[in-house]
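Taking the form predicted on its own, here's one chain by itself in structure tokens.
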């Protein structure tokens, strides 16, 4: 979206004028995150998570590149190379803990970012492409996180790789060849470790590329806001810098406090103790679980225990992938003309139920595959799909939204009669979410 009142970049120094003429990088940065990018004036701290996610990505790339200089992708010495990094490399313990815990914080930020999008309708027109690219980023992030979990080559790394790649074996006809192709053999070993290391190193740069597209797509319609009402005038916006750079800076400071509390005082609290035991193909752990950020989807995978037309294992695999792929269709499943959950009382109640449901799935995913966790997982999985495929479309058609403010300025400062009358002096049409 082009804002006629946006400030334009005008370099004053001769060097900057020359650079702007030959390579307009300063102008690009200014228009993207500076005073040349007007942003709705009512954004709350839930809009900090996009910047925090970008920071986490940079953090993971920098620490990952350093770790790659010392890591050996060989099944015979991979575990020992991690110990070498921890004990012998200067500040290696800090880099390793920063990277391992950074992944957990990255997923925490991404989940908050996604659920903020659920609540405020960030997937609705005209921002469908922003949402779709965001789901692609999440899928790439999941693949990167799984492959990174394999690299320490501890017990949970080995058996996690065996279980997750074994899921492809449930696909009829082509499943077993795909599984062998992924592993480079019949079981996780050197070939699998090399492949996962290569992809784990490569995918963050692919994610960075999709993030650029994600930001580019966002700058076309402009940022959404808590009211869901579109920008109507200059009074509805403020420049991104200094207003939101300061706000994001405060959010980043809080994030870093929590992050370094974990890195320095609880560095192993988010990992599994079995992963500090070298991989042993002859000793199966009592409980094979992925990292905590995969638990909800792992619970969905394990919720299918009975063969019905198709094998239960295949149903689990299909449901696990479908639980994320359904997000691609949200812009068309939710037909409500109102974006923000603040003005959708019925939607708001079901949203809170969904949050509880996902937390329950997460708890069951980290527990043993036994009763009552299996039955609870089955009920929670049923509700999860019911929410997106049945409840959300019906609610969007039958609910009566609360009145929207005429403008963002009105939502912040109260009723603006002059703005409501418009330039002609006649009452203007009430604000719409579309």
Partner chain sequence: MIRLIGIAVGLVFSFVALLAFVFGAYAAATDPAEPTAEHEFHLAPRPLHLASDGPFGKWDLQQLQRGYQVYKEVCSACHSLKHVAFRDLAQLGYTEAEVKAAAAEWTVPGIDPNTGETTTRPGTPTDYFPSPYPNDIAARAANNNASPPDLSLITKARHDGGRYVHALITGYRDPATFEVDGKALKMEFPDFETPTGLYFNPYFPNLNIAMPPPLTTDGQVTYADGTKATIEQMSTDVAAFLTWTAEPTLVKRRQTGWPVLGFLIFATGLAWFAKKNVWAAKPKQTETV
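Quick caveat, the model's predicted, so the values are computed rather than measured. Positions refer to the first chain, counted from 1.
Another form, the form predicted in complex with its partner chain, is not on view; read the next lines as being about it.
Note on contacts: among 138, 329, 351, 181, the single residue with a heavy atom within 4.5 Å of its partner chain in the model of the complex is 329.
237 is the sole member of 237, 223, 144, 227 with a non-hydrogen atom within 4.5 Å of its partner chain in the model of the complex.
From the list 107-115, 355-363, 258-266, 207-215, the contact stretch for its partner chain in the model of the complex under a 4.5 Å heavy atom rule is 258-266. No member of the trio 10, 31 and 343 reaches its partner chain in the model of the complex with any non-hydrogen atom inside 4.5 Å.
When its partner chain is considered in the model of the complex, residue 247 lines it closely, a heavy atom lying within 4.5 Å.
When its partner chain is considered in the model of the complex, residue 379 lines it closely, a heavy atom lying within 4.5 Å. Within 4.5 Å of any heavy atom of its partner chain in the model of the complex lies no heavy atom of residue 168.
Its partner chain is not shown here, and in the model of the complex it never comes within 4.5 Å of any heavy atom of residue 407. Residues from 300-318 that approach its partner chain in the model of the complex with a non-hydrogen atom closer than or equal to 4.5 Å are 303, 304, 305, 306, 308, 315, 318, in the order they occur in the chain.
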